[in-house]
Each structure stands twice: as structure tokens, then as C-alpha cells.
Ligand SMILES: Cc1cc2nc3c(=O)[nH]c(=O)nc-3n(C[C@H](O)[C@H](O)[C@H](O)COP(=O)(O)O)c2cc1C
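In C-alpha cells, one chain follows: the form predicted on its own.
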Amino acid sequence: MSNALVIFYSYTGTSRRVAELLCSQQNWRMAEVLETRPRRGATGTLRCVLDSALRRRPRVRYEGPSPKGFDAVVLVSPIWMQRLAGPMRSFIAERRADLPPAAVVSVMGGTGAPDAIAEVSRLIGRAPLLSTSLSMRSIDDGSCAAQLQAFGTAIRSAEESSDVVRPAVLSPSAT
């Protein structure tokens, strides 16, 4: 899918760096989800914890082109307490009808990517096209670049694959 849009939310700047790297590798456009009430200091961190624990949807604004005009979107978001970050949760819930097939990049310090992917699936009403997770360490030391390049290539290949596998083809009794 050569016409993809990378949409990111970043509290610390790490997800932004991932989105920028992916866009530079694949020559894709980028858009940002911003909070209407920025998080600062200990109070901001507490709001992150509460948003995750309670699955809250903070108010957000979107800066970028309409996702409708793209073949796919790549959602880049941090994991907070093993859950999707609240602002990305808000964005997906508000814009699910506008989203073409979505791929997901989870940025995390520890674990939680499978739970975040499941939440994205529930919010958009379908499974993501592809998903991957990156550790903070791999982002900080740059070792994630090859994984991100392969992920972008896989997204591009998804459109080119015209073979449709039907359940009957996989059944031993269908021969």
C-alpha cells in the first residue's frame, strides 16, 4: 500500500520518532493526534494511569489529512499500563468510520502490545492489517530501524497480494 498515512500520538516524543522514521523509510505522510488538555508533571502522569485503568477517552484534536483518502493507516501509539494510550483510544473511537485498513505499531517500555491490538480491533470493528511492537530500548539505540523497515515493506506488500485464501482451501476434506 504505497498510499499510507502514519497517524501517531506521542506523550514523550518516542512515538513521534517512530512515526518520523517509518515515514522517512516509506515516503508516507504523517498526521498527529494531540490532546486538548496537555499532560504535565506528576498530574499528567497520574492522568495517564487513570486513563488506562479506566479506559477513559480524553478529548483530542487531529492534525492531518483525512484518512479516507488513503489505502491504509498506520497507528503509532504508546502502551500505558498494558493498554492503548487514552488519546489514541479517543481518536480511533471518534474516527473509526473514516479509517481504511489499519496497521498498528505499539511503543512500550515493557509489555501490553497484545492487549492494545485487541482494543484497536474492538474499536475499529475489525482486526488490524498488521501489527508490531517496539521496545523503548530498541527505539533509543536505533536497533528498531530494520524491524520498522520490514513492517513498512509488509504493509506495502499487503496490497499487492491478490491471492485470497478461503477456508475450504485449508480444509483436508475439500480436496
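Residue indices: 1-based, along the sequence shown. It should be emphasised that the depicted structure is a prediction, and the values quoted were computed from it without experimental measurement.
Separately, the form predicted together with this ligand exists; it is not shown, and the next lines address it.
Participant: Heavy atoms within 4.5 Å of this ligand in the predicted bound form: which stretch among 55 to 63, 123 to 131, 103 to 111, 141 to 149?
Facilitator: The contacting stretch here is 103 to 111.
Participant: Consider Phe91 of the chain shown here, and say whether it contacts this ligand in the predicted bound form, taking contact as heavy atoms within 4.5 Å.
Facilitator: It does not: once this ligand is placed as it appears in the predicted bound form, Phe91 has no heavy atom within 4.5 Å of it.
Participant: Are any of the heavy atoms in Ser24 no more than 4.5 Å from a heavy atom of this ligand in the predicted bound form?
Facilitator: No, Ser24 is distant from the partner.
Participant: Hey, in the predicted bound form, is Val49 touching this ligand, heavy atoms inside 4.5 Å?
Facilitator: Contact with this ligand, yes.
Participant: At 4.5 Å between heavy atoms, is Pro78 in contact with this ligand in the predicted bound form?
Facilitator: The answer is yes: Pro78 has a heavy atom within 4.5 Å of this ligand.
Participant: Any residue of 123 to 151 with a heavy atom within 4.5 Å of this ligand in the predicted bound form counts; write them all down in order.
Facilitator: The stretch touches the partner through Met136 alone.
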